[in-house]
Each structure stands twice: as structure tokens, then as C-alpha cells.
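Given next, in C-alpha cells, is a single chain: the form predicted alone.
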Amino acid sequence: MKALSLYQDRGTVVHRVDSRSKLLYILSAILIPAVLPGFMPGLAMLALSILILATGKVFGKVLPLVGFSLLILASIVLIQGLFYSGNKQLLFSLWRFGFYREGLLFSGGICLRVMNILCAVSILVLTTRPSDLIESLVRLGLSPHLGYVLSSVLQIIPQMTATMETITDAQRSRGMETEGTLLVRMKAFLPLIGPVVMNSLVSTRERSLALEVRAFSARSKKTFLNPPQGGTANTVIPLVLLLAMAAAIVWRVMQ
């Protein structure tokens, strides 16, 4: 069965960490480098994220995202290095263009924060089932209805992709040309998109009926299929992250 999410089932210790701890880690990866000055806090968080991804055996899945992001980050470095408003000290010249130290440092900070956020979010997305994430949020007090909406949003694109592939195979078996020149593919797109949209609408209606049959809209207290994730790690990790963020904020205020 084709996976309907970006989740990678590797069975590592990272996968067993509660999704709430991973959400808190994303917050700390954003907050700590933003609060503390210099590049070292950001580099430390980035190194920690890479270590976690390697431990979870999903680092290879992040590389395509990093490669795509580098194109955007390179444009940021180029623009800020040339035109940053605080540019004063010329660092080097390339042809007729001068790159300044202040602009390159500013753009370097932006790139480091973007990479931190990308790697931290990848830890959550690649090592957490969407259903486990939504269940954890509902346990924290999120409305079950909103949880269902979020779960549907997380799965709508993978579901439509899987449906598109199934319908494409079915139409190809009936003799439809779906490969070749751009014109051939455009002609095949319109007959394919209709069944995909209709199938998505029918699936949404079927899920709604299934939820109502199971008293999803009932006002009684909801129960959960899986027991809450416990263990020492799921207690210690949030505590350490909260203390680290608090220490960073206190240090910044006292400076």
C-alpha cells in the first residue's frame, strides 16, 4: 500500500518520541537562535537537528528539500550582499559588483534560521504519523473537529496523488495516451482531472458518514484508541527544552 504521508517508518528512538516534544523542539529551534546573538546558537541547533535526523535514519529525505531551498537562499545572499541598507565594509568584488561584509552576515543569519526551521520541521514530519500528531494535539485540548480538518489537510495531497496514479493506470489500460509530448499530456489531463475531483468529493462524503455513524458529533467526552505515550524521554525532553528556552530569554533580558 502506498504511503499517504511523508512519514518514514524506521522504528528508531526518534520515532518513539512524543509528537508534542517534537513540536516543542521546533519552537526551541526557532526561538533560541532568534534570542541569542551570533551564529553559534543557530549552528548548534542545526547540528543537533542533523544529528536527530541521522539517528532517525531520515536525513537522506531532507536533502532534496535542502537542495531546493539553496536556490532561494542563494538569491537572498546575492541581494543582501549587494544591496543591504547597512553595507559599509567592502569584502570582495566580483566583476563590477561589490559584496559587503554587513550584507553577507545578515543574509547568513537568515539562511541559518531557514535551515534550522526546515530541519526541525522535517524531524516532526518524517518521524511522526499524522494521526499521532493530531491525536496529541486533541489530548492537549484541540477541538476534535478542528483536528479532523487538520488531518484531512495533511493527507489531501498524498491521497489525490495516489488517486491520480490509479485513474491514470486505469485510463492507460483502456488505450488512452498519457505519455509523450506536452500536447499529448495536456489532452490526457482534462479526462483525468474530472474523475480525480469526483473521487475526492465522494471520499469526503463517505468519511463524513462514517464519522457520524461513530457519533463523532456527540457532545460526550471523547476517548482515544491508543494510550498516551509515556516514558522518561517524553518527560525529560520537554523539561530540557523549556529550561533551555527560558535560560535563553533570561540571558537576553539581563544583557
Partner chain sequence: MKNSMWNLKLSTSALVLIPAAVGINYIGKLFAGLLKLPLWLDSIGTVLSAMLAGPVVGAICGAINNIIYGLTMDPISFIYALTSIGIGLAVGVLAQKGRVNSIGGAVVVGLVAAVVSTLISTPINIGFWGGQTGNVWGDLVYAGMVAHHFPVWIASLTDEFIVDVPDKIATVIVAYGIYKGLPQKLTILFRHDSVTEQL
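Positions refer to the first chain, counted from 1. Please read these numbers as outputs of a predicted model, since none were measured by experiment. For the two forms, the rigid core is made up of the largest set of C-alpha atoms that agree within 1.5 Å on superposition.
Although it is not shown, the form predicted in complex with its partner chain is what the next lines describe.
Using a 4.5 angstroms limit between non-hydrogen atoms, Thr127 is distant from its partner chain in the model of the complex.
Using a 4.5 Å cutoff between non-hydrogen atoms, Phe39 does not count as a contact of its partner chain in the model of the complex. Proximity of Thr204 to its partner chain in the model of the complex: non-hydrogen atoms within 4.5 Å are present. Contact annotation: Phe106 falls within 4.5 Å of its partner chain in the model of the complex, judged by heavy atom distances.
With the partner omitted here, the residue from Leu27, Leu43, Leu211, Ala54 that has a non-hydrogen atom within 4.5 angstroms of its partner chain in the model of the complex is Leu211. Candidate site formed by Leu6, Met186 and Val197: every one of these residues places a non-hydrogen atom within 4.5 angstroms of its partner chain in the model of the complex. In the model of the complex, its partner chain lies within 4.5 angstroms of at least one heavy atom of each of the following residues of 107-123: Ile110, Arg113, Val114, Ile117, Leu118, Val121, in sequence order. With the core superposed, Ala47 shows a C-alpha displacement below 2 Å between the shown form and the other one.
Put the two forms on the same core and the Cα of Thr181 is off by 2 Å or more between the shown form and the other one. Annotation for Arg207: C-alpha shift of 2 angstroms or more between the shown form and the other one, rigid core superposed.
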